[in-house]
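First, one chain by itself: the form predicted on its own, in structure tokens.
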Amino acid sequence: MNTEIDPWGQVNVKNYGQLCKDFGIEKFSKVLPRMQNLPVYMRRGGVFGHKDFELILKAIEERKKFVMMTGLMPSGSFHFGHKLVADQIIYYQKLGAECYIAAADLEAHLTRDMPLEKAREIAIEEYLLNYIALGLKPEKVHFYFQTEGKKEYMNLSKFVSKKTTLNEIRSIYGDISPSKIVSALTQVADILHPQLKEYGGPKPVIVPVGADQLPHINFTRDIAARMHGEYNFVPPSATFHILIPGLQGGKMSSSVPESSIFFSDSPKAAEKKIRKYAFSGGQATTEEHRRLGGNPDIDVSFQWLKILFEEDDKKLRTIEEEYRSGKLLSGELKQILIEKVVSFLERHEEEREKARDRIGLFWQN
């Protein structure tokens, strides 16, 4: 295998097609023709793979119950790398999904040494608030903290532990600590508990994740199969989305401010970051760029436009063609992104203030 995946570490995927081959992931492009109202990121490869997505398609087409389950790691400020998950939550909600959102305060505490109270504050202020501002509705939404789940959910991780071995967990996660074992078992409970009888019984569940979370998905699907006789669990389906590149071309991280644009950044700060840090696919000089052209495949500004911002396919093609030909300079490409980001941040700040009045509809302190 050409890619090693550590769900708690750094993952740099250079070839998503190879990743699919290495890990038995089905290509999402094959199911796109059956999808409704495709958002930009889906039709342009932002979601590249899946496992058992046919179960979800069938539920959507037959108007049957299904669940969208996701978790959030409250370890830092909300940035554009997180937006891809938020957009998917809202997309599946519009298609009729019942939404379960786990705030992983326990995992943040165990694996990142985050104080529980701080993790809860970040989960509300940085994540839930932005989800609401982006369009999440309160209907059929279950937002909860891992440390405050219901009894049936809390017990499930203990029952899960009986269905695995230490050797299996080591083979999946490598050199693992007791705290990470607890975190892994809790994540399995997060994904499977919407199928407990107390939550309506077995049903298809879709878990949209980044490629770095594949080990958790595979582990959960194996556990679900082993517990089928007792619980009749349906192995959870999953989609895998690309990891939006950070401004400098590597991973976007809340702990590296120059790699990210945060939703709390001012428009002026965002503009400064793009101009200073956004990795360019252009040439060293204007003369060389006019002659040789740029490479949008590695240019961060273009990748952000492609996946996050430019909805008009014709406009995007024009930008790509002009950049490749050298007609469009790197600074001009950055300016196109700046205008999109600034417009988004100004609009989103207004929506976030409105969202504060609706938090109580999603979660009661």
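Numbers for residues come from their place in the sequence shown, where the first is 1. In this text, all values refer to a predicted model and were calculated from it rather than measured experimentally.
The discussion below concerns the form predicted together with tryptophan, not included here.
- For the options A133, V209, A270, L110, the one in contact with tryptophan in the predicted complex, meaning a heavy atom within 4.5 Å, is V209.
- Residue A104 is the only one of A104, L128, A278, A224 with a heavy atom lying within 4.5 Å of tryptophan in the predicted complex.
- Heavy atoms within 4.5 Å of tryptophan in the predicted complex map, among the stretches 194-202, 135-143, 283-291, 71-79, onto 71-79 alone.
- Using a 4.5 angstroms heavy atom cutoff to tryptophan in the predicted complex, all of Q187, D190 and Q213 count as contacting.
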